[in-house]
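Read the single chain below, which is given as structure tokens and is the form predicted alone.
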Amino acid sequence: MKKSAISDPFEKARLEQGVSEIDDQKDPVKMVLGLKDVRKCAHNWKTYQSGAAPGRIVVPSEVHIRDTRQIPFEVDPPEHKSYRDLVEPWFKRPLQDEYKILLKQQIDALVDDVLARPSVEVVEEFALTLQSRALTLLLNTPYEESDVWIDWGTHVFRSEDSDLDADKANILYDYIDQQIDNAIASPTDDLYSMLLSSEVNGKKLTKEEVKGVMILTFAGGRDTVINAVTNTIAYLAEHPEALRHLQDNPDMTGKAVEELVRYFSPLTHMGRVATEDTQVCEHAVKADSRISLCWASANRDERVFEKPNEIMLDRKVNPHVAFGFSHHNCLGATHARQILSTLLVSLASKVGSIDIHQYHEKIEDWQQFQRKVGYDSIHVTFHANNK
């Protein structure tokens, strides 16, 4: 198997039972594995709620390190719609021409930089840098602020020793508290100030609500984007024909982005809490127990996707759920898509080939399922496109 390949550890369970079960901090989680069932459960917010205790629908659960509710992610309809309507226009700004130009300048500069170096460690020196700099556009904050976020490392809740590092999470919470206080004292045109001046259902957002939106913005799009960018570099390194195909067919970039996120599925799964006794695939689900919507498994469902374990950059029918599904689809999906699209265009224009020297894979341990999601480190050399 090639270094860039990501296997499907859920295939047998998906085909034989449709569900599986894991333990998350002594709280069982029933994993829903097929695309049809994942979409059905994601849509059924009355039976499978997001608005449980803050942090409980995340897998692994964050209830012990977080009591701020992430908004609008951990709010169910009908309240969810009011919050979503408020923030949705802001998170669609990546479609604006000015935003696209600035993002292209950032990514082109980064690609030029790595082309001038003999070798690069992609996760820290490329993907984390790209994600952090691009986030300044999404928040509309000074570019220099990205240096602070780069110093935090690739994940805001995890460290080398723990998947749930409360001390590290507090760095993020304290930072956001300070930025909110700064915006109250001196409003600007950034996301903090926009939220502080906004109303939902006739009431100004509280500092806690603003903090909930900001935690989601920082945490939700960090390691997912980093994994997607790193995996893309690894894939193009091992498939130079794909890079040439993108060079010759720039109109294919949009389909290529969708196919890469389907195959990589940067976020393995997301939970919900059952509000009543029910069933999934004829398996009982008790009230107040958790299910997980396994995006990674659903995106390899052989009943939906032709050759699901292959990357087909021009795949025509691609109903993947890598950005979630239904009312809780990823708020930052437009930003993430624009990053990957701009990156592919820049790489196709400037890079002729990429050599992988050494790497260490990042493996998630879900008991009976061991899933590669990306890399802890991968050292490469970028070679310029001299055509």
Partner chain sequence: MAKVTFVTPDQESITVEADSGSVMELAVNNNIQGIDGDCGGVCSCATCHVHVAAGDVTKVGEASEIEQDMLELDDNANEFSRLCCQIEVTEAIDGVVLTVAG
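Numbering follows the first chain given and starts at 1. Quantities reported herein were computed from a predicted structural model and do not represent experimental measurements.
The same protein has a further form, the form predicted together with its partner chain, not shown here; the description that follows concerns it.
Q: Picking from 23 to 31, 49 to 57, 320 to 328, 348 to 356, which part of the chain touches its partner chain in the predicted complex when contact means heavy atoms within 4.5 Å?
A: It is 320 to 328 that comes within 4.5 Å of the partner.
Q: Please tell me which of K204, K316, R117, K286 lies within 4.5 Å of its partner chain in the predicted complex, judged by heavy atoms.
A: Result of the distance check: K316.
Q: Of the residues K92, K81, K104, H239, which one places a heavy atom within 4.5 Å of its partner chain in the predicted complex?
A: Filtering the options by heavy-atom distance leaves K92.
Q: Look up in the predicted complex whether V304 has a non-hydrogen atom within 4.5 angstroms of its partner chain, and give yes or no.
A: Yes, V304 sits close enough to its partner chain in the predicted complex that at least one of its heavy atoms falls within 4.5 Å.
Q: Under a 4.5 Å heavy atom criterion, is R244 part of the interface with its partner chain in the predicted complex?
A: No, R244 is distant from the partner.
Q: Under a 4.5 Å heavy atom criterion, is E258 part of the interface with its partner chain in the predicted complex?
A: Contact with its partner chain, yes.
Q: Between 20 to 52 and its partner chain in the predicted complex, list the residues on our side with a heavy atom within 4.5 Å.
A: The stretch touches the partner through K36, R39, K40, H43.
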